[in-house]
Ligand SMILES: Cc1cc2nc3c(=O)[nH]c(=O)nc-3n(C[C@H](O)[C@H](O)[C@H](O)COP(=O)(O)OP(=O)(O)OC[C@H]3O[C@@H](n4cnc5c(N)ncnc54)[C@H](O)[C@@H]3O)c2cc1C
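Starting off, we have a lone chain in the form predicted on its own, written out as structure tokens.
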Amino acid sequence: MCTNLPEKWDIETDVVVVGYGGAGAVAAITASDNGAAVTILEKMPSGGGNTRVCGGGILNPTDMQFAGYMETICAGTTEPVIIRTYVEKAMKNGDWIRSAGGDVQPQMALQVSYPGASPKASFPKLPNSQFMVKYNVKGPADEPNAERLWKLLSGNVARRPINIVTGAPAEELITGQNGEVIGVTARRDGQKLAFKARKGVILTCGGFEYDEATKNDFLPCRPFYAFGNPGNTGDGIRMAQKAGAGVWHMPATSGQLGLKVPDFQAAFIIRFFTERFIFVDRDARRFLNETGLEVHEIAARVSVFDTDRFIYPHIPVYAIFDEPGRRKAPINPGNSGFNRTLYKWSKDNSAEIDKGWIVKGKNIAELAHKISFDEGILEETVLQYNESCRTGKDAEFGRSRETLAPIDTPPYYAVVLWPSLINTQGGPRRDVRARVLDAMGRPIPRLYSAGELGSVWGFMYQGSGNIAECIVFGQIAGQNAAAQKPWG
């Protein structure tokens, strides 16, 4: 028996899509093309979600053997049938982009020392890693990859009879007889609205990057900041759980290191376009190969807890660099992250030094004093690194010869970096048909999901895999929701 049926429906449609990012756009396009009347609910003033501020890479497997690689990095957290379906449909992602009126081009690597997304597999030593390519949507070179992708997706939505309601955060799924999902409530301009979904509801409302309580429950360290859309506060997870959904992949993330300053809710992505830098931990010592990191798993590398000292010794991380390194290029490239439209980084990092975001010292001892380090230890660390540069061999951490450049020209600089989420992967569990499953593994009637909300990536993450998932499961969810018989 329905317990939350509204007195009246404010808007009636066939399919309600909750969340207007990449997955929501593809789901809405697909449902509309399959004959359904579609309404999109978007929490924020405008659409885009994390899709609009990500790197814009689209994974395209080249052979079904890629499923073996994916099974390895998912480590048993995702059923093989789901992985095979993902790979089979993702092999056609380039074709889908072309069918939407766009075109694709191979993704190019950023020429950075620390690190940029590689156009190759994230874990190239694993079997079957070679059976993939990464694409970007083709377009103007001076336009961010993600912006080109979003223009293509949102343009396709605009050309269809799809109703978009922005500034309307969804609050609750409305359930009918036998627990089937028949609608959604949302709030807009202070008014509660009930949206009737005659065929189904598709949740595509992102992860929980800005929900501190859920992060503290499931993620490996704290604080854990975020680069993406601040609208991602786990709303879809809670709504689905209230409707009986089980969850999966909650500890899984894609994360790296970022600069967090009080004036901005999101962190800034940091890149070094120079070899003249090192990372040190709270003890002012190096602890890893700074140039040998997989970009999406860096946060996991620093999230080690010392039970003797009861601290995270590698959080925060301090990047140390010198004057030529500072002048080489901005350490925030400005091509991704939520802040890219809010702030333009200075070309030589001078404005950020003036703001105090980057700490400056006339020598290493003064720099150490300003960041509360033992002066002798930091001087020893830099001296030892510079000796590795002189000999061409990093005996401590194996940094390759071509990435060794000394930090020897004053003044010197430090920037404090924290684990920062590209996105989370956990959420309501879904099956191969994009149906949301209850805690016993049974489909909740008329409820679907796509995108990072309950992503298929359950252990390690493959770069560009989330946008590919938006396309793959957006299509699956849209098609299956549209195929439902109306309940009323």
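Model, not experiment: these values are computed from the prediction. When you see a residue number, it is the position in the sequence shown, counting from 1.
Below: the form predicted in complex with the ligand, not depicted.
Taking a 4.5 Å heavy atom cutoff to the ligand in the model of the complex, the contact residue among 257, 205, 240, 201 is 205. With the ligand omitted here, the record of contacts in the model of the complex names 45 to 53 of 434 to 442, 45 to 53, 62 to 70, 27 to 35, defined by a heavy atom within 4.5 Å.
Not displayed here, the ligand is kept clear of residue 251 by more than 4.5 Å at the level of heavy atoms in the model of the complex. Using a 4.5 Å cutoff between non-hydrogen atoms, residue 406 does not count as a contact of the ligand in the model of the complex.
Residue 413 falls outside the set of residues with a heavy atom inside 4.5 Å of the ligand in the model of the complex. Interface membership of residue 227, defined by any non-hydrogen atom within 4.5 Å of the ligand in the model of the complex, is confirmed.
Counting a residue when any of its non-hydrogen atoms is within 4.5 Å of the ligand in the model of the complex, the hits in 20 to 47 run 20, 21, 22, 23, 24, 41, 42, 43, 44.
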